[in-house]
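Take a look at this single chain, the form predicted alone, given in structure tokens.
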């Protein structure tokens, strides 16, 4: 997979940033440093001043790329969803069975993320932790409608749409394909958070990835797949 993804650019709406961080070494350092810092201190304590100190640059330089830290979080979230979709496309390639493609999609959404090394300035493991704990702040706010109009959530919606079509391929009369898939993605993230921080709110069965297996069970029963 590394060889395939390394030749692909993850597209993020140019309305989110002032200058494309992928266009320069400093921009890539901003992305890498922000992932490290948000993962370390959390989004609330993250500031451009702290980021500038971490990457040995200036606060003004960071502001040339992003208007504020909210837009930076949007960028990271969008990049993550785009990256996840490319992984999904790879996993489903040359698989004829719609049920097996759905099975692979659920695995991708619910399994632990491993760093693939395809993007030197992106630590996907840390980014996954940020998406799990912080990405809801990117859309659960008063600016969500405005940001939606500029395409800030296009990558996430495109990912859900792709797998929703797969649900309808299996069960054309199923009434809630988008709700089902977005619920799986969001709940899988929440269960990963619970497993690490609040384990009594989830279940762990020895010898299996219970979060993956639970969501497979949930989806297959909803679609009446045996």
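Keep in mind the model is a prediction, meaning the values are calculated, not measured. Positions refer to the first chain, counted from 1.
The same protein also exists as the form predicted in complex with a further copy of the same chain; that form is not shown, yet it is the one meant from here on.
- Only one segment in the set 47-55, 60-68, 196-204, 25-33 has any non-hydrogen atom within 4.5 angstroms of a further copy of the same chain in the model of the complex, and it is 196-204.
- Contact check for 16, 115 and 128: none of the three has a heavy atom within 4.5 Å of a further copy of the same chain in the model of the complex.
- In the model of the complex, a further copy of the same chain lies within 4.5 Å of some heavy atom of residue 156.
- Remark: residue 133 counts among the residues lining a further copy of the same chain in the model of the complex, judged by a heavy atom distance of 4.5 Å or less.
- Put simply, residue 10 is far from a further copy of the same chain in the model of the complex: not one heavy atom of it is within 4.5 Å.
- Taking non-hydrogen atoms only, residue 96 never approaches a further copy of the same chain to within 4.5 angstroms in the model of the complex.
- Shown here without a further copy of the same chain, the chain has 182, 183, 186, 187, 190, 191, 193, 194, 197, 198, 200, 201, 202, 203, 205, 208, 210, 211, 213, 214 in 181-214 lying with a heavy atom within 4.5 Å of that partner in the model of the complex.
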